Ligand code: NAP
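Quick heads-up: it's one chain on its own, the form predicted on its own, in structure tokens.
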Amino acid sequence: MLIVGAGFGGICMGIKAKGAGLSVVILERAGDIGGTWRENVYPGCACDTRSHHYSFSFFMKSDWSRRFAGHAEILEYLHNAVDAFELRDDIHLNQTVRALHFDEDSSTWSVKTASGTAYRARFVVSAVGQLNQPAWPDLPGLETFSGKRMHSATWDTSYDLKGKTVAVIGNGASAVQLIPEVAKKAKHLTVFQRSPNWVVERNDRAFREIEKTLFRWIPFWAWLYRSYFYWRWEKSWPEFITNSRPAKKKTAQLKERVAQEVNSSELAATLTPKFPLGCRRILLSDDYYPALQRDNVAVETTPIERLDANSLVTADGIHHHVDCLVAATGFHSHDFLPGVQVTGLGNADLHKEWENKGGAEAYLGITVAGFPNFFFLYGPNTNLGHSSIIFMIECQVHYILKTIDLLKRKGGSAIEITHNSMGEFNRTIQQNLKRTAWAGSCNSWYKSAQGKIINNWSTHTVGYWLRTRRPIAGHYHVK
């Protein structure tokens, strides 16, 4: 098995595949493992899922320092997992995959890399994730700006913000983490906001020593703690259903929170969204609202018209002079294998097929008709708004191995989902997504340019767990 990517998905797949007796090669484009937790090092970078739930169920960590771990601690955890399961020698670093081609005669995939190294494998698993290609704002004059420019995903840790005038474009998940930290150092910070987002309390804190002792010496207690938050989040799923009673109740609570925590009624109105709860990613923060009310922070809602050598020029003609521009503008989230040519049966081009369908799609977000022995982790329609993506990844890894077992039982060389099964699945999921907040009247990275929701799962995670226990033989064609 060849796995593309050495983040959470690739490491989980590698561990479980080796445990199932498969030989494994993991190709990683960078010089180290870790995926998003290697790349993102901006101030305040941390997970917005509880630490005990944002980790493998089969490799529990007892000494998490906080309820919501920072990027460095998560990266260390991944390194520990690689070493604990002796996966290090199976990972080939600095190998950027450029092309995947399925050979119908041998039922194998040929893999070409930027370095010129070629690989062949019976099975290929894409574990590159959804959020790995930083998106810069499309603004005239961006290249002519002579000050410091940084994207939240490509942070320059050597740059000192102390005493600087800083502009942050965006107010999404990365922004709400870095803005409070930047505000502590910058002489002045201007946050350029197109529209506000819903922000819920994070309630983060460091774990006490007694808590870590209990987690270490009573593993069942750690399991209960993890399970509690799983079911607590799972219970919140109805809040994502349009006009549901839980959605209305939670919306009222969050509006009240803004009114209570923001002293200025004008700023409170600026920070209260007009779109349904969950239409965009719900953010977690305890210090975002206080940061925006600091004396050295301003929130600017007038659209940016262009940039010149040392300022951002808004539509009202005002020049906002800054030393440093930070783009917290997210990622290109709709290309699930960016920069990789994928050809399947009959030389079918995966990216062209997706383009013709208005966006990426796969059966259970895992496998695509016409591309045998090829699987995705964290693929189309498997993102969540209310739980841990690690849970979804473990479900997908389990399903992939069960599908390979089905192939072995059938005595075949290649297995693929049928076009009918994949088509029916995607028609159903798109129909179900229409009742969710993600279909609401807002722009979000969950939707393609055509408005098709291609990133998110359509219901609770228990439903996904049930669907991925084992493949239905009749849904597959075995060669």
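None of the values given here were measured: they were computed from a predicted structure. When you see a residue number, it is the position in the sequence shown, counting from 1.
Below, we turn to the form predicted together with the ligand, even though it does not appear here.
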Under a 4.5 angstroms heavy atom criterion, identify the one residue in 42, 56, 64, 425 near the ligand in the predicted bound form.
42
The one option of 322, 337, 169, 400 with any heavy atom within 4.5 Å of the ligand in the predicted bound form is 169
Thinking of the ligand in the predicted bound form, which stretch from 340-348, 157-165, 187-195, 96-104 has heavy atoms inside 4.5 Å of it?
187-195
Full three-residue contact with the ligand in the predicted bound form, heavy atom 4.5 Å, for 131, 173 and 331
yes
Partner proximity in the predicted bound form: residue 48 to the ligand, non-hydrogen atom cutoff 4.5 Å:
yes
Given that the ligand is not shown alongside this chain, does residue 392 nevertheless sit within 4.5 Å of it in the predicted bound form, heavy atom to heavy atom?
no
Can residue 381 be called a contact residue for the ligand in the predicted bound form at 4.5 Å between heavy atoms?
no
So, residue 438 and the ligand: in the predicted bound form, are they within 4.5 Å at any heavy atom pair?
no
If you apply a 4.5 angstroms heavy atom cut-off, which residues in 442-468 are near the ligand in the predicted bound form?
443, 445
